[in-house]
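Next up: a single chain in structure tokens, the form predicted on its own.
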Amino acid sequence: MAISIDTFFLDPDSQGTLQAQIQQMIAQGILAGRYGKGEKLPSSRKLAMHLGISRITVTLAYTELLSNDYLTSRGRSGYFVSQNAPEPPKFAPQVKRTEAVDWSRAIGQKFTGGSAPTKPVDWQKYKYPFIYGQVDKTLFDHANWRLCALQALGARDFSALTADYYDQDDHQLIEFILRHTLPRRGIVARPEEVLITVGAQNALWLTAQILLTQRRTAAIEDPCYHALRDVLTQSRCHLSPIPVDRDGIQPDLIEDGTDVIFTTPSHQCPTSATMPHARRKQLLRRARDLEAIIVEDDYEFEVSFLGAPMPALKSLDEDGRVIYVGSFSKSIFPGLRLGYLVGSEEFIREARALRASVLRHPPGHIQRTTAYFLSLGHYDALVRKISKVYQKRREIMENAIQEYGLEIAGSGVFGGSSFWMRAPENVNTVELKHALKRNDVLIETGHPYFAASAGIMNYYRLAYSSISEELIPEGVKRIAHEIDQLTRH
């Protein structure tokens, strides 16, 4: 690979001859690792013209570097970084600068320090990964996704690939959502009431920014999706955690003065509880009495293999007070980062304007590729395949949990991809997580899902989306063994 000529420049404050400056510039580039072994340098003529100096000066500098084994010459091909050149240091090079900014004062609002747990990026190296939200490459339809991506790259879709939509979305993707996805949830909407987002989390952020202020109150489930709590904390609104039971959020506990209610009725996050029809009607009545808005996060409705999913909460809404959040990231693959918002035209207009000011729109090629994947039937086939496999894994995991005496605290009525687990009260699942990791097992601790002041440390989540069925029993056995060890201490 050739080294770009734009990376070479002379420092007007440098001391020494031009030849020495060129030698130092190239040597430092090699020592810093910017120029790799075998990479080609610009010709002496081009570099001389670029720097505005004599060609002989560059030639002499190259010759000196050649004699010191920094460079090598290949006949008429030019000069290259030598294979025998000094190795760059393993540590990061120190940049000499004076830090004159007091960042503790310069930063006006902090976004670090949230409750979101970290997940190992090398999770696939572990034999027993019971972690949530990762793709199983044995299930993903890579061949058809690739064909759809190639189709979206064609001349016919040149505009979809290259155009700046500004604040709009791919019309084919919107049409599929309106005609196929939403009707399956009992929802009827118009194009003006749908907005594509960068995943469900982006949809929740947009919603919080539009609906909440420092004077307004948001009711959230306890436990709840930890990233939602972080988003709402950053909005500086008042937070009101509402305990969930086996049927989800409890409407009669929602306080007077609540402005927005965030809920996950289909698969409560993280307990997987499914809100029954009567509770949904009760929640809608409570929201009407409060004149509150409900934000329904339906992140996992496709994974309903134990029975047909209940209609969405929004399908029961007669007042237009429910904003619906959907996602393709859970059912296609998490790296897709594609979701959508459904709400009143007035709300979507504001969400569209806010999205445009931050990121304009999700990439057109991703939207069009997804539209093809959906409309050609590959998506439905993928969901059926995933549901069949998940059902088998769930049965195996449920049997293993029962065999080894572990306790299920929550599981989805219609399916899902995980179990919400409870360890004995004297077991700290953070310690359990670290002990299991040393034993090739990954789990997800439960404390980030609870309100910050709760201090509940004995819950954890076991997902079966990323682990093959033959490994589940041994993995559960190892978890039971470590819990037993911690209980004894």
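A quick note: this is a predicted structure, and the numbers were derived from the prediction, not measured. One-based numbering along the sequence shown. For clarity, a rigid core is taken as the largest C-alpha set superposing within 1.5 Å between two forms.
One more form of this protein, predicted together with another copy of the chain, exists but is not displayed; see below.
Please tell me whether the candidate spot formed by 80, 173 and 395 is one where all three residues come within 4.5 Å of another copy of the chain in the predicted complex (heavy atoms).
Heavy-atom distance to another copy of the chain in the predicted complex: none of the three under 4.5 Å.
If you check in the predicted complex, is residue 298 within 4.5 Å of another copy of the chain, heavy atoms only?
Although another copy of the chain is absent here, residue 298 would stay clear of it in the predicted complex, with no heavy atoms inside 4.5 Å.
Does residue 140 make contact with another copy of the chain in the predicted complex, using a 4.5 Å heavy atom cut-off?
Answer yes; at least one heavy atom of residue 140 falls within 4.5 Å of another copy of the chain in the predicted complex.
Please tell me whether any heavy atom belonging to residue 357 falls inside 4.5 Å of a heavy atom of another copy of the chain, as the geometry stands in the predicted complex.
Residue 357: contacts another copy of the chain in the predicted complex.
Contact between residue 150 and another copy of the chain in the predicted complex at 4.5 Å, heavy atoms?
Answer yes; at least one heavy atom of residue 150 falls within 4.5 Å of another copy of the chain in the predicted complex.
Looking at 398-406, 274-282, 71-79, 244-252, which one sits within 4.5 Å of another copy of the chain in the predicted complex if you count heavy atoms only?
Only one stretch passes the 4.5 Å heavy-atom test: 274-282.
Only one of 40, 422, 34, 46 has a non-hydrogen atom within 4.5 angstroms of another copy of the chain in the predicted complex; which is it?
Filtering the options by heavy-atom distance leaves 34.
Of these, 340, 128, 225, 379, which has a heavy atom no more than 4.5 Å from another copy of the chain in the predicted complex?
Residue within 4.5 Å of the partner: 225.
Can you tell me which bits of 176-191 touch another copy of the chain in the predicted complex, meaning any heavy atom within 4.5 Å?
In sequence order, 176, 178, 179, 180, 183, 184, 185, 186, 188, 190 come within 4.5 Å of the partner.
Once everything's superposed on the core, is residue 11 shifted 2 Å or more at the Cα between the shown form and the other one?
Yes, the C-alpha moves 2 Å or more.
Taking the rigid core as the reference frame, tell me whether residue 21 has a CA displacement of 2 angstroms or more between the shown form and the other one.
Comparing the forms between the shown form and the other one, which are aligned on their rigid core, residue 21 does shift its C-alpha by 2 Å or more.
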